[in-house]
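So this first bit is one chain, no partners, the form predicted alone, shown in structure tokens.
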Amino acid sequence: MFLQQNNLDGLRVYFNQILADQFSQSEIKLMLKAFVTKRLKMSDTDFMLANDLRFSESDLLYFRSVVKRLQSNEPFQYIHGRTEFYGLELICDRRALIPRPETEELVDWIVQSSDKSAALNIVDLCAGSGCIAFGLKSIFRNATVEAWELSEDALELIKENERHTSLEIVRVKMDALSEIYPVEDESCDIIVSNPPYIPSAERSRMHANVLDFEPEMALFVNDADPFVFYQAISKEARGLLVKGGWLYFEIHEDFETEMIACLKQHGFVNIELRKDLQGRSRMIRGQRVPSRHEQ
């Protein structure tokens, strides 16, 4: 047996011995709790009181496989199969990017800037897991929220998360670089997108747990045209938005000047850049000109 003791203390020792070089003590503690509560279908309270917990042989094999996968740099969220996002538990696997904290901040910016009771029409473009769409729908209960995504795998993940969260999202297979967007002009109150934006040249700076496991199509753009998605979406969004409607983007922290220029080029006004909690420029929004000012 690979545990010194067939109990929770023994499992803690095992996790710490094997994973200490890769993760902090707090990360290991959180991961162990997540895997134990999932495996044994325990509540957090039950886990806190589980001083005499003993594991079966199949439990031990499960925990050993988990540790091996963590050693191979597979993201915790993919192994666990769940992640927390804006107060929701979402199914999470290799079909889409793992939702990031800065994306939660983008959702919160929209929430704090909009009428939560209004019957808005909201589009999440390049939706991936649909985390933005689900986060917004959980607050804007009277809104119609659409998730537009090209990947069939990601669309299937969104469908599974609809059932998991009991939140109704309109799923649309859609290529953001297409010139045909599947809604009428002046029909959207809010368009939000976290499109691919990492230049391929930055691959060497990225961690193996991203490069080896997360879908490339959701990450990278050609070095020669890193703003291809922002340009295409901004061009179309201006016509799709109602007068006074808002376009929100998550952006690369190094491209704030270029993103301001992109929104200005396509006629957006009241452009605002926002930093994340780490002080990095990661979000931007622009408004379609209100009707009395539009030419």
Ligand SMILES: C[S@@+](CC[C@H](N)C(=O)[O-])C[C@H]1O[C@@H](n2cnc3c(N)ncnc32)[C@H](O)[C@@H]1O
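Note that this is a predicted model, so its numbers are computed, not measured. Numbers follow the displayed sequence, beginning with 1.
Omitted from view is the form predicted in complex with the ligand, to which the following refers.
The contact with the ligand in the predicted complex, taken as any heavy atom within 4.5 Å, belongs to 175 out of 160, 186, 175, 108. Among 150, 91, 167, 139, the residue placing a heavy atom within 4.5 Å of the ligand in the predicted complex is 150. When contacts are defined as a non-hydrogen atom within 4.5 Å, all of 97, 218 and 229 contact the ligand in the predicted complex. The stretch among 176 to 184, 70 to 78, 112 to 120, 203 to 211 whose residues place heavy atoms within 4.5 Å of the ligand in the predicted complex is 176 to 184. The shortest heavy atom separation between residue 103 and the ligand in the predicted complex is within 4.5 Å. In the predicted complex, the ligand sits within 4.5 Å of a heavy atom belonging to residue 131.
Although the partner is absent from this view, residue 126 contacts the ligand in the predicted complex, with a non-hydrogen atom inside 4.5 angstroms. In the predicted complex, 194, 195, 196 are the residues of 180 to 207 with at least one heavy atom within 4.5 Å of the ligand, listed from first to last.
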